[in-house]
Structures are given as structure tokens and as C-alpha cells.
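The chain below stands alone and is given as C-alpha cells, in the form predicted alone.
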Amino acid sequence: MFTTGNHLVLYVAAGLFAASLALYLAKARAAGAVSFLAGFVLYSLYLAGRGWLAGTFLPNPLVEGPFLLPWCIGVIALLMAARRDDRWGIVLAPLLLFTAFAAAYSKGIIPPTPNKMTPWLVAFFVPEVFAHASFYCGAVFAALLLAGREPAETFHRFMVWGFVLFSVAQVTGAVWCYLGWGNTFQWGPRHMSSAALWLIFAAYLHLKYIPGWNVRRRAWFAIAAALVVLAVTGSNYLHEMNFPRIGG
């Protein structure tokens, strides 16, 4: 594919996302939508092209977190726009932030081992990264609510969907772990951090039924929980930047 190894496509997509956010904030919503769609198409092509970085198609590079995350946030923006929700442009802020991180990230791929050459890898990472995207978008809307710019509990819906998707990832991840490593759970940093995140958001869902936890306090909790996700996943991504890579 023409995007294979052509990281200029990623940089152009980032520029289009930046232009889209600027146009959205300037109330030029139609022009912002065109810029966003152009950027999303280019980013999708770049993401697909990553599958050929090893010389043969592998799905692993497509679902690597730093590169899949912006695409997932873009899908959320598209879904909001399809529902005629004029707040779709709000999620352009985290989209641009994580696209910039992807642009600065190591572009090659980690050579896959046999236990990572399975559809269960995709079945785990796709819902997990979509969950992270939901948590980040929810945190943005929670911050707007605290600032008095968002009257509805929009952030809560993002948190619920994020928890559902993250729960799906725990199940598919357990299956993948069993097939690849012979057990469903390992007492290592990756599995322990996933379990901790699941418990944090499970606790969040119960706050609504605890006296004293009004919408503003739950909004603060949602922001703090998303920051924990950022710290955990960000440290993992930075650690994996040091791994030997091929292509890119």
C-alpha cells in the first residue's frame, strides 16, 4: 500500500485534525467537518498501511495502542456527527493530542512471537483501546461540565460504554492468554494494571448509588480515573518504545 512506511501521511492527517479543531472552535463547522473527514481517511489509510511494514500483512501493527487510539477517537467523533450531535468537535481535542503522540512514537513494529499471531490479539486490543478512547472522551466532557460548559451528564455515557468494552477486553484477553501462555491470568504488571483499571471503573459505576456523590463529584472521579488510564498505558507505551523494531 502507498502508505507503507510513508509517515508523511500521518503528519498530514495530524495537520488536518488541527485545522478541523481550529475551524470547529471558530464556528466554521462545515469546513471543520470536511477537514476532519479528510484527516480521518488519511489516518485510516496510514493505519492500514502499517500492516505491511514487515513485508507481509500482519494485523499486529494496526492494533498497537498509540496508533489505534486516535482512530478509535475518530470513530467516536464520526458516530456523534452521524447522530447529529453538534458536540462531535469536542473530541477533536483528545484526537489531536493522541495523534501528535503517535507521530512522535516509534514507527516500526515489534517482531511478533508465535503466541501473538492469533485473532485473539485483535479481539483483545480493539475493545481495550476503544474503551480507553471512551474514558478519555468522557473525561473531556466531565471537565466541561465542571466548567459550566456542559449541562448534561454526557460523560457518564462514555464511562459506561468504556466499562462495557473494557470488560469485553478482559474476557477476550483471558482467552488469548490461555491459548498463548497456558493460563488466563498472570501476576505481572500488565495484567495487574488491567485488573486495577477495571476495579476503578466498576467503583465509578456504583458512585451514583452512594449518598453524597453528586454529578460534580462523579465528574471529578471520571477525570481522575481517565488520568490513571493515561498514566498506566502511557508508561507501557514509553517502555515499549525501547523494544527492537522492524520496518518504519
Partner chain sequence: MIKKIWDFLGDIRLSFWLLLAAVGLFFIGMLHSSFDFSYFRAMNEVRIQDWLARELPTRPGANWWLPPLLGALFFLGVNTVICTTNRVIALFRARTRTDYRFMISLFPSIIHALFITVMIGHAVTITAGTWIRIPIAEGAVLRIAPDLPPLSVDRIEDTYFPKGSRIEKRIMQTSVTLAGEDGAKMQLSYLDDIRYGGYRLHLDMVKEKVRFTHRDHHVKASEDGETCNRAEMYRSRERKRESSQKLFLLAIADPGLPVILTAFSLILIIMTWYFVEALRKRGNE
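Nothing here was measured: the structure is a model prediction, and the numbers come from that model. Residue numbers count along the first chain shown, from 1.
Below, we refer to the form predicted together with its partner chain, which is not included among the displayed structures.
The closest non-hydrogen atom of residue 44 lies beyond 4.5 Å of its partner chain in the predicted bound form. For residue 101, no non-hydrogen atom is located within 4.5 Å of its partner chain in the predicted bound form, even though that partner is not displayed. Interface membership of residue 27, defined by any non-hydrogen atom within 4.5 Å of its partner chain in the predicted bound form, is ruled out. Its partner chain in the predicted bound form comes within 4.5 Å of no heavy atom belonging to residue 220. Although its partner chain is omitted here, in the predicted bound form none of 9, 15 and 89 has a heavy atom within 4.5 Å of it. Checked against its partner chain in the predicted bound form, the residues 81, 93, 168, 143 give one hit for a heavy atom within 4.5 Å, which is 168. Note on the partner interface in the predicted bound form: the residue among 215, 48, 34, 207 having a heavy atom within 4.5 angstroms of its partner chain is 207. Looking at 144-152, 73-81, 171-179, 93-101, the stretch with residues near its partner chain in the predicted bound form, meaning non-hydrogen atoms within 4.5 angstroms, turns out to be 171-179.
Using a 4.5 Å cut-off on any heavy atom, the residues of 47-81 that reach its partner chain in the predicted bound form are, in sequence order, 53, 54, 55, 56, 58.
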